[in-house]
Ligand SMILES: O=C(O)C(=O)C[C@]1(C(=O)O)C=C[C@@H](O)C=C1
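In the block that follows, a single chain appears as structure tokens, in the form predicted alone.
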Amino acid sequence: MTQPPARFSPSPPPAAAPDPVLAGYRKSIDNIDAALIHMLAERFRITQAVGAHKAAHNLPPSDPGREARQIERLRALAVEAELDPEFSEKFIRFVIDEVIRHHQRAQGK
């Protein structure tokens, strides 16, 4: 049995000369992303300890009053930092929801 002829894709266009300004921005973004990951990891290590404490003392996995105060505080910080407060709220809500899931698991719920 004969094989169909090989198909060749056109070569990609030659890469443009590196843009040192863009490369500098990207390096800064990469460093910030790495810092965010490390900060989130540390935050989750602490919240896991909180979850264990709550489970050991039969405390509820969530604290809606604190969560509301945190969201309000972080929205204000976002405005001061010229960051979209809607984005910041979505982000912190996602983090809080994940923390609550961890706390519920710690309590076997």
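Each residue number is its position in the shown sequence, starting from 1. A quick note: this is a predicted structure, and the numbers were derived from the prediction, not measured.
The form predicted together with this ligand is left out here; the points below concern that form.
**Student:** Report the residue, out of 71, 77, 40, 50, that has at least one non-hydrogen atom within 4.5 angstroms of this ligand in the model of the complex.
**Tutor:** For this set of options, the contacting one is 50.
**Student:** With a cut-off of 4.5 Å between heavy atoms, is residue 45 one of the residues that contacts this ligand in the model of the complex?
**Tutor:** Contact with this ligand, no.
**Student:** In the model of the complex, does residue 84 have a heavy atom within 4.5 Å of this ligand?
**Tutor:** No - in the model of the complex, heavy atoms of residue 84 and this ligand never come within 4.5 Å of each other.
**Student:** Taking this ligand as it sits in the model of the complex, is residue 27 in contact with it (heavy atom to heavy atom, 4.5 Å or less)?
**Tutor:** Result no; residue 27 lies far from this ligand in the model of the complex.
**Student:** Quick one: does residue 57 come within 4.5 Å of this ligand in the model of the complex, counting heavy atoms only?
**Tutor:** Output for residue 57 is no: heavy atoms all beyond 4.5 Å of this ligand.
**Student:** Pull the contact list for 44-66: residues with a heavy atom within 4.5 Å of this ligand in the model of the complex, in sequence order.
**Tutor:** Stretch hits, in order: 47, 50, 54, 61, 62, 63, 66.
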